Every structure is written in C-alpha cells, then in structure tokens.
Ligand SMILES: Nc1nc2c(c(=O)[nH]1)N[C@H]1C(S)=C(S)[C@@H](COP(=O)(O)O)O[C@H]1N2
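Given next, in structure tokens, is a single chain: the form predicted on its own.
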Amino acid sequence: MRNTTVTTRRSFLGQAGAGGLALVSGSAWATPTVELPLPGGPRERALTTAFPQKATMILQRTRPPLLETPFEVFDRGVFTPNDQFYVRWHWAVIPTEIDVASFRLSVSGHVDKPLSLSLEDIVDGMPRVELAAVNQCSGNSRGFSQPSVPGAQWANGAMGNAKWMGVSLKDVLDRAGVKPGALQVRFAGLDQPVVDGAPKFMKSLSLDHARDGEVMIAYAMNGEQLPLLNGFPLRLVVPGWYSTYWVKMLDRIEVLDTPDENFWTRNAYLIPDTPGADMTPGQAGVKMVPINRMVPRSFVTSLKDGATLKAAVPTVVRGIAFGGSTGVGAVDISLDDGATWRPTTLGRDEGKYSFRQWQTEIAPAAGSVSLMVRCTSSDGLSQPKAMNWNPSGFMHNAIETLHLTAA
C-alpha cells in the first residue's frame, strides 16, 4: 500500500503554485509504445513523459490532454500516484498559470450572502475533511465496446483512487446561506471553450446531494497539492459518482432555483434508463437520463492476459476492486469460465468509495484457464458477465476475464 505524506494546511499554502507550466513540455510523442487489447483498435499508443507533473502516461490526445494510467500502476497499491493519475479535459483552453494570491472561488445565485473566497480563506479558514474515493471517467473501458462507439477509446486506465483533502461543500454553501426554493447547485471551472459560442463546461447536482456532507472541494490529493492537470488549485469531489461531475479548476458555484438547462447537464453524459445502462445498437425510443452513480468493478493487476503459469504450483493472484457508490462486499474468482466461484481475501478497507485490494492463490492443472474476477458491492450488486452497450460507451463494468495457460 502506498504511503501518503501528511500535509498541513499551512504547509499546503506555502507550496501552492503552478506558475508558467506548459501543458506539453517538448515533444508529446515518445518512442516507447504500449500494446492495447482494444478489439476495434488502436492496437498500440505512445507513452509520454512530456506533460508537467506527470510521469509515464499513455497518450490519447494532446489538446485537450487525455492521458491514461498504465495499468501496471494499479498493482502497486490502492492509491494511484498523482504523477500517473489519468487526465481528461473537455476543452483545450486550460490555464497554464494560476496566481494563487488573486484566485477566488465565487458562490452566487439563490443565496443570502454571495461569497468570494481566497485559497487562504478555504485552506486556513474552514474545517478540513479527508476522504478516499475513486475518480473514474464515464467512458472508462469504452474501447472494449462492440460494436465500437465514438469517443476516447480508453482501455481500463481512465480511473484512479486518491485520498482527497479539502473542505465540505456543505460548509461553503451554509456560509453563503441557501435561500428557500433552491433546487440545484451548478459548478464551473477555469477551462474555456475553443470557439466562440461553444458551451462552457458546467455540471450540476441536486441541492440535497450537494449538501450531503460527503461532496467536497479538494485542494490536495495523496498529501500533496493537486497537479495542474488534475484540477489545481481546487476541484470538486463527488464520491461514488462518475468524474464528469468532478469539476476541475473550480472557480464558480451557483445555487439555482430553476432546473439547470445547460448543454452539459441536459444533453451530454446521458445513459439509457435501463438496468445496467444497456440497450441494443440501433434501438429507438429509449429514455435517457444523466449518468450518475458508479457501479462495482474488479480487476486482476498481478497477471496479464495470455500469461503462462506453472501447472499445479500455487501462484498468488491479486488485484483491486471498488463497489461503485457503496463499499466492496466481496470479491470472488472463477477458474472455469464462471461455473463456480470462490472468495478471495480482502485487504485493508480505506473507505467505501476507495479501491480495495484483494488476493488469493491458484494452482490450476495443466491446460487453458479462464480466470474471472467479480466484485459484489456491500449493497448486493454484482458485476454482470456480459458487457453492456450504449451509444456513448458509458458505465462498463463487465466481469474481467484473463485467458491463461498452465504448463
């Protein structure tokens, strides 16, 4: 398990700064590549170290930056290192310099007292909260969709887990004083559309959700300030929900007394209102709703598909799981294509929204082995065997299968 350094609020303010960082330093296209098991391609992508505050990442796009975490990183512990935490932006106009002294977070709209909060007001002037939570792109694993769908062709690396430090959104809203009749809270950041007239990226939560005491405004992750590309100086953390709601470089909060009709709430990030967000390609008349809670997932991290094991010799198998919007109840494995299952041993519980490690031993007889892993959340929801399909490639959580050989 990766240790994190405890950062005090004072020391955080002392180190805060992101002045003059180029989003791409040097050539973004590196010589090394990584093979991808995506059925519709691409078969490989470049690896890059050209982005600020980032180590080796899988490069999808430079503008806006789309960087995927190499999957072997997830075998090193439940907390994803900041320098290999995935990156996904919607618009390419992203500040490369933040003046921490002049930065302000505004709170306006249907409130008694509009606020303009400095970083010092937030970091030193409000109670600190900490929470471990998985941040996962809605389209994580989209590249496995069959038939394929448009959008970033992620493998399984558009996710990460961190211990977030910040302040409760409820505390901020209570300081502003929410007026009776408020319905939603809308969030926006410093990124801007590339062309005039394009919709600024904004997302909303219901007032009850925004004030549930778990949604937070983070200024640090894993004991360090947020990297620029992961939302410095502030980002919203919405535990258990997909990352489209985790607005980066947060600088504006609006309390609304009417339903939010902006493009990114009304038209984007919609899923079928069906079990598992599943539908048939070409199916018409399906009711669509905004994506929301995550669903359980589990992965083998210590073995790769196609690996060869020694027959009848015990081999340690380990991985990670998360329960989605609740905790991990159990992680089971199968060596016979799902005909029978047996439990694994769960590692330390870092909280219901966190990755949780699991481990077991297998000693299969000689021959082909289909190793499957399945997470059941603490509220009884299990991963399905078949992958869902929808036009956006959202909410994939099918049981992972590794095809191994014991010899």
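Here the structure is a predicted model, which means the values were calculated and not measured. From 1 onward, residues are counted along the sequence shown.
Missing here is the form predicted in complex with the named molecule; even so, the following discussion is about that form.
Within this chain, residue 135 lines the site of the named molecule in the predicted complex, having a heavy atom no more than 4.5 Å away.
Although the partner is absent from this view, residue 175 stays clear of the named molecule in the predicted complex, with no non-hydrogen atom inside 4.5 angstroms.
At a distance threshold of 4.5 angstroms between non-hydrogen atoms, residue 191 is in contact with the named molecule in the predicted complex. Among heavy atoms of residue 88, some come within 4.5 Å of the named molecule in the predicted complex. For the options 248, 163, 186, 110, the one in contact with the named molecule in the predicted complex, meaning a heavy atom within 4.5 Å, is 248. This chain lacks the partner; the member of 241, 79, 201, 144 within 4.5 angstroms of the named molecule in the predicted complex by a non-hydrogen atom is 201. The candidate site formed by 230, 235 and 269 is fully in contact with the named molecule in the predicted complex, as each residue has a non-hydrogen atom within 4.5 angstroms of it. Partner proximity in the predicted complex, defined as non-hydrogen atoms within 4.5 angstroms of the named molecule, places exactly one of 206-214, 311-319, 79-87, 99-107 at the interface: 79-87.
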